[in-house]
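In the form predicted on its own, a lone chain appears below as structure tokens.
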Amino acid sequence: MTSSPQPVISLEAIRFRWPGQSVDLIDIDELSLKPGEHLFVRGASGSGKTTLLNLLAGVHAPTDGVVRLLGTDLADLSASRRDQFRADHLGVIFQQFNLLPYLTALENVTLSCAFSDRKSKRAGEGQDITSTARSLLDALNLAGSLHDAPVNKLSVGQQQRVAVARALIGGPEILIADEPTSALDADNRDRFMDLLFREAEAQHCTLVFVSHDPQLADRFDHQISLRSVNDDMDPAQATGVAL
């Protein structure tokens, strides 16, 4: 009998409350994602979507509970080791992309390998890192003529592809996307989602995707709805998740 694979992400009795607040912003009893599974996180502004991503990335620590990634309890790691763990095992697509405007598209993609020997080795298997970066950009339909162009000369859609390639290079087990489709119209959004899923599945990444767009939810294996906190409500009613 084949044993079930170890969860890539496991949350146990997670609570997060900002200092001075009377109600938990995040309240999740249990959440588990296996390798290659995709989670959709939705909620209104202020409901804690980005805070949840920061808990997963080890940027914030929960008020209570355990966050495990790849079997590692993030609370057991020092701040510097959490930073290195994030660099080694996570790829992040930011809402505003966070590309360096004075670098080319290719340089932006390869930059993340400079912070992780693990990603550098994985990206360099079979070919050099630059070739791997070009292959990712090609797979994401960014024309070869743009690979060496300054990233600030690219369109929003083209910059988005660079951001995805940067997140994917080096084979991270976990891919986090924070509202990356918010600036796109419906047609470009759908094309982007097709590209993202194709590349995430090719690398067998576990994807955590945040969006306020409910039309995307049906594409995902799992869904979470975060509810906005209202200090006038009973804490048991004011926060939490719906699976």
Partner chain sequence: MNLLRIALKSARFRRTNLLLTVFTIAISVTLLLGVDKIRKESKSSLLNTVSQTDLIVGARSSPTNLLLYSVFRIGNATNNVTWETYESIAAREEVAWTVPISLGDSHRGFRVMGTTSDYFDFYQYGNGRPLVLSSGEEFVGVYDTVLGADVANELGYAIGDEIIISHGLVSVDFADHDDKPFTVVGILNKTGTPVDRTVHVSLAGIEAIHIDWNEGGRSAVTLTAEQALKLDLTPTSITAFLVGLENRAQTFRVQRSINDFSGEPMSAILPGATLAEFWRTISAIEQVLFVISGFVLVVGLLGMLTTILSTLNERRREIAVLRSIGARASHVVSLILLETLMVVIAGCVAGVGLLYGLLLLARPIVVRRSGVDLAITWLDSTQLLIMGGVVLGAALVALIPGIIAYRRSIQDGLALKV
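What you see is a predicted model, and the numbers here were worked out from it, not measured in a lab. Numbering follows the first chain given and starts at 1.
Only in words, not in the display: the form predicted in complex with the partner chain, which the text now covers.
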Out of Leu103, Ala139, Leu146, Leu77, which one falls within 4.5 Å of the partner chain in the predicted bound form, going by heavy atoms?
-> Leu103
Wondering, does His60 line up within 4.5 Å of the partner chain in the predicted bound form on heavy atoms?
-> yes
Does Val92 make contact with the partner chain in the predicted bound form, using a 4.5 Å heavy atom cut-off?
-> yes
Using heavy atoms and a 4.5 Å limit, would one call Arg161 a contact residue for the partner chain in the predicted bound form?
-> no
Distance check, Ser112 to the partner chain in the predicted bound form, heavy atom within 4.5 Å | yes
Of the candidate stretches 67-75, 131-139, 114-122, 153-161, the one with residues having heavy atoms within 4.5 Å of the partner chain in the predicted bound form is 114-122
Every residue of Thr50, Gln96 and Arg166 near the partner chain in the predicted bound form, heavy atom within 4.5 Å = yes
Could you run down 60-88 and flag each residue that has a heavy atom within 4.5 Å of the partner chain in the predicted bound form?
-> His60, Ser80, Asp83, Gln84, Arg86, Ala87
